[in-house]
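A single chain, nothing else alongside it, follows as structure tokens in the form predicted alone.
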Amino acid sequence: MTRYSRIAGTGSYLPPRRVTNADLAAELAQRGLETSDDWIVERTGIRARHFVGEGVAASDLGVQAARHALEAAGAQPGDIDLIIVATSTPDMVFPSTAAILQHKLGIALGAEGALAGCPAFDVQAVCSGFVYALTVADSMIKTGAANKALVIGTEVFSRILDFNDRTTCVLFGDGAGAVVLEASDAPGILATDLHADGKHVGILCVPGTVSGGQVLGQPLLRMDGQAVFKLAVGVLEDAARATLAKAGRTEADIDWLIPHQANIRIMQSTAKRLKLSMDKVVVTVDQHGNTSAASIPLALDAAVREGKVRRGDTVMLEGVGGGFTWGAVLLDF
């Protein structure tokens, strides 16, 4: 019997502090930088984003999203035998945010305290991270290495933003999204397609590191917006078409496109190339901003809870991010 993986439940979490464009413009004005709601909306489609409070880490957001996904799946933390976290803003250098999440969920120990912790690790592919993590989990379930996985995207990008650079600090937000992926006799994830090209490292990066107790380089986000836009639209179309071909499907089979929520213009251009109406595109960038690895699972959960994405729908997930990385997943929900 062929073994498949299928999404059993979705969840998400946003920190309570909601920052509108007007709020951000007022903050930037105190730094002598000029921006406005109209300027941000026209260029990005973003109207608001959420920022964490002091001391709140990526694992704190991720554990809330994970609990919501577990509840939706009718599962308990102890049912999970694999945790993969996609993040570019981990709690610390090591251990992994996944290991910290495992502990916060209370699933690291077996009966009577015996060591029985499931595998837990992070995936770092920036805004493509959730697509990468979902692909890894799908492969592990299909080979029998896992039966029920938590796949989480969680980010606190507000910690790495340069608030003296209005071209980047208005784009990003914090949040987390998660899915429970489980073994199934029926196809769920139909096909995946992953890529990376390291020659584009410089167009989107945080060029800093820690050495000898000090930060070396620049630990704040840097982006060449025009270069990212030009590259993103082309590779997203290519990844989507490659994934459809692997699954023996066409654009007409897509009920919902859930792209990485980076910029409404990129999303519109991608939909146009795939001959999809924007009515079939899930859009949350206006309220969440770009939450990097969290954006796709956040948007998926929002669409599920709003009654848009329903059981039986065919969904295309696709992301593109620093690295330069990109990829897509086609699934029957």
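The first residue of the shown sequence is 1; numbering continues from there. Predicted model only: the values in this text are computed from it and were never measured.
The form predicted together with ligand ACO is left out here; the points below concern that form.
- The contact with ligand ACO in the predicted bound form, taken as any heavy atom within 4.5 Å, belongs to Arg166 out of His195, Arg159, Arg166, His103.
- Distance criterion of 4.5 Å from any heavy atom to ligand ACO in the predicted bound form singles out Glu34 from the list Glu306, Glu54, Glu34, Asp279.
- Residue contact check for Arg265: one or more of its heavy atoms lie within 4.5 Å of ligand ACO in the predicted bound form.
- Although the partner is absent here, Leu171 is a contact residue: one of its heavy atoms lies within 4.5 angstroms of ligand ACO in the predicted bound form.
- Taking the partner from the other structure, ligand ACO in the predicted bound form has a heavy atom within 4.5 Å of a heavy atom of Asn290.
- Looking at Leu134, you'd find every heavy atom of it more than 4.5 angstroms from ligand ACO in the predicted bound form.
- For the three marked residues, Thr44, Cys127 and Gly225, a heavy atom of each sits within 4.5 Å of ligand ACO in the predicted bound form.
- Judged by heavy atoms within 4.5 Å of ligand ACO in the predicted bound form, the contact stretch among the candidates 35 to 43, 62 to 70, 298 to 306, 271 to 279 is 35 to 43.
- Residues of 311 to 328 lying near ligand ACO in the predicted bound form, listed in sequence order, are Val320, Gly321, the criterion being any heavy atom within 4.5 Å.
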